[in-house]
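In structure tokens, one chain follows: the form predicted alone.
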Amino acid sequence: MEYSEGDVIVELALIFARPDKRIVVGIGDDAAVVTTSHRTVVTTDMAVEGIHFRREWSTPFDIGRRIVAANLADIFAMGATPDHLVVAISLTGDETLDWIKELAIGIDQEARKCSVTIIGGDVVRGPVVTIAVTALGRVGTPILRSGAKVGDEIVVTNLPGWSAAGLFLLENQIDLANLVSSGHAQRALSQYRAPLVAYEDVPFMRFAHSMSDLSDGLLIQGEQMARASGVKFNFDSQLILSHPDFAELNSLAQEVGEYVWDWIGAGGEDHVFLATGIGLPGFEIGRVEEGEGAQISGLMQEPKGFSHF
């Protein structure tokens, strides 16, 4: 190992440093101190090497962007505004200092998209690289999963399924050069490695009755929201078919012999926002009805499910 823990902390502090009047004490002390005069929203996400990312599939820059995107999406899904991040990293000791710095730059670049500052964290040694990010944000009235009402429109900020498509291509070692839809495949790989989250769309969702980040897939997240709200989420396959991106995703799925609804219904990790309400921006994909559970109506074959365990 060509560096000490102190060396890593110095490099991280330089990368993450920026003016922020809300920070009283930043990186370098036993804990950070920030000023606040509002309701605080807190969320944590973890990424474990071999489970959530692989070094042979993603650059350290993309890995850093990916974990922060997942974290910030959870804050925005509450109708909140993110302010600060705390980042803890477990390293094996085999990483170069350049690899660590590129990871940190990825973390910082994604945070900067939302004017978020990294204020502290921890560095330890472990058997695999593990990254834990805690986000702190502020909110007036949070938007919960439990607020969906019968008659609500169900909307998404983007078509889910692209990240799942990228994962499929990597797991099956698909040669993109041999694909007619290679451009669509490149988009899928990019969305898996470092998803583009529609942060700019969330402020327009402030009148949503319920909202969630699609980290675990449309059907799983929809079922969770439906259960919390005591209603049924009916996703309409015909509406989803009319999404401008559907034809591209479907052509890729057909070329590699996959069922596109598996990607759309159960893929996850796109960090698309799913919301319910009346007259919301976004793309309508269904309605909230009386009943329970979640389904994609009009399909001959149900999408395969997904589980963390």
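Residues carry their position along the shown sequence, with the first being 1. Since we're looking at a predicted model, the values are computed, not measured.
As for the form predicted in complex with another copy of the chain, it is not shown, yet the points below apply to it.
Another copy of the chain is not drawn, but in the predicted bound form it has no heavy atom within 4.5 Å of T81. By the criterion of a heavy atom within 4.5 Å, H52 is counted among the residues contacting another copy of the chain in the predicted bound form.
Using a 4.5 Å cutoff between non-hydrogen atoms, V124 counts as a contact of another copy of the chain in the predicted bound form. Using a 4.5 angstroms threshold between heavy atoms, D152 stays clear of another copy of the chain in the predicted bound form.
With the partner omitted here, the residue from V202, V87, L218, A165 that has a non-hydrogen atom within 4.5 angstroms of another copy of the chain in the predicted bound form is V87. Among A198, L170, L159, V139, the residue placing a heavy atom within 4.5 Å of another copy of the chain in the predicted bound form is V139. Residue heavy atoms within 4.5 Å of another copy of the chain in the predicted bound form occur in exactly one stretch of 175-183, 229-237, 106-114, 88-96, and that stretch is 88-96. In the predicted bound form, another copy of the chain lies within 4.5 angstroms of at least one heavy atom of each of the following residues of 36-59: T36, S37, H38, R39, T40, V41, V42, T43, T44, D45, M46, V48, I51, H52, in sequence order.
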